[in-house]
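Okay, so here's just one chain, in structure tokens, the form predicted on its own.
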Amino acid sequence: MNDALLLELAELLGADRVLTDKATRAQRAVDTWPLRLVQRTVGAELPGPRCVVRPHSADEAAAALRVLHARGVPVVPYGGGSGVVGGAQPPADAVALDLGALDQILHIDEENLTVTAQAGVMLGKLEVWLGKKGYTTGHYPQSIDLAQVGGLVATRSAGQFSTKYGNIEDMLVGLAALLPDGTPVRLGPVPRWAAGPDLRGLWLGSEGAFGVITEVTLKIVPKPAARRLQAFALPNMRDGLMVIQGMLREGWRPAVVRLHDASEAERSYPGVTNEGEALLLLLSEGPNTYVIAESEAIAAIASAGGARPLGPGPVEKWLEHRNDVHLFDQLISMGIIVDTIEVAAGWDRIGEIYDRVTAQIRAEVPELLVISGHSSHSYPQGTNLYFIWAAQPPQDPAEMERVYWSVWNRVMETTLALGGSIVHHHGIGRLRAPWMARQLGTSFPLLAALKQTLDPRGLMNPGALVTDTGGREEA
């Protein structure tokens, strides 16, 4: 440790808080961005951060930020590393600020139904702790055992039960954070913010570009008393989307509403549906009388929309395997690109986005192995689409990059052209940043002004969320 900066940090925090070994730096060189993971399988090396600073308290994090800000050193906050859009990939001269040691659950308020935890607490750990007390956050992203609660706020996370419980912005009641120079900020917790603009919103989706979240307070709910599972086959994806729209239009909010296209139904639930049919999975939970009423009502809506009942079996299978990503990992280890791209749109255009994207990718990307889609987060105003795809590129980092962007470009451009949103909940990172100016349009200068005001030296997670480029040229 002969770097003057590293010596200063070590003297300030302790040598055990400043990690410079090659293995640790390599691990913090990227999150789980599939492009970088697959490139590594053929020998690509990513520049790691200058060092990894791992504070054990908010005060230590603030002290580190003060030093780094004074020296003009870029900082990349690092949470659980479960992000998939390159939000944690550092520039070579940056310091990674690892929040993993801020891992204490601080307080449960059973009267006001909130829980407060440090930013580095894993959501899976928090859910187990709450479950023993009879509560849940209702937030179940696939990354539940990998994601930290601060990162969930910073990336505007959505969970698999979001139709009932909402997304992370619906659960956030308070937070503590540090500005780029280490200045502390505390907001809430309050049941509703009415003191001017809701400043908690500055941190939702901020992706480390405005500072560092150190503590969050989330809503909790008593564990549901009853649950009912139902599955249905629909003639096609469009019919399934109309059924979901009808359920939400009438005011029903099943915790889980998932519509898989025919390709996904055949691949993940063989023998359950007929050729060409889409598969709708529904899960209702809550008080027993409510669950009975909701499950009967949504079954009637599905039947009126041409659905064929399949019983609870497919939903039971999904619950058992919903967080299993071993096949993704296996394919990536073989040099095959596997990725998901989630977008969103209103009901009047989501079907067209699904049709056009799947047809275009199949026709124009010769390296494609498969593309399929499903909807999993719905609202009265619209829904999301997950496109799951795999491609077999030549085993060369540059060729992998070319094929990867050939798919992403088409999905982003088609979604923008049809008036959709280029993201639903996986965040912007470095992957989607080139399209942000076009997505936000006349509001993009406001985002850029916020970045300039809060981080005038551009030191916080440079290259993520806000960029002055307007698109990416396809190689």
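As the structure is a prediction and not an experimental result, all values here were calculated from the model. Start at 1 and count along the sequence shown; that's the residue number.
Beyond the structure shown, there is the form predicted in complex with another copy of the chain, which is absent from this document and is the topic of what follows.
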From the list 173, 371, 84, 76, which entry has a heavy atom within 4.5 Å of another copy of the chain in the predicted complex?
173
Proximity to another copy of the chain in the predicted complex, single hit among 404, 386, 140, 135 (heavy atom within 4.5 Å)
135
Residue 414 within 4.5 Å of another copy of the chain in the predicted complex, heavy atoms
no
Is residue 447 near another copy of the chain? Define near as a heavy atom within 4.5 Å, in the predicted complex.
yes
So in the predicted complex, does residue 376 come within 4.5 Å of another copy of the chain, heavy atom to heavy atom?
no
Could you confirm whether residue 124 comes within 4.5 Å of another copy of the chain in the predicted complex, counting heavy atoms only?
no
Want to guess which of 305-313, 86-94, 269-277, 243-251 is within 4.5 Å of another copy of the chain in the predicted complex, heavy atoms only?
243-251
So, a 4.5 angstroms cut-off on heavy atom distances: do all three of 113, 220 and 421 pass it with respect to another copy of the chain in the predicted complex?
yes
Out of 175-204, which residues reach within 4.5 Å of another copy of the chain in the predicted complex, heavy atoms considered?
179, 184, 185, 186, 187, 190, 191, 192, 193, 194, 195, 196, 197, 198, 199, 201, 202, 203, 204
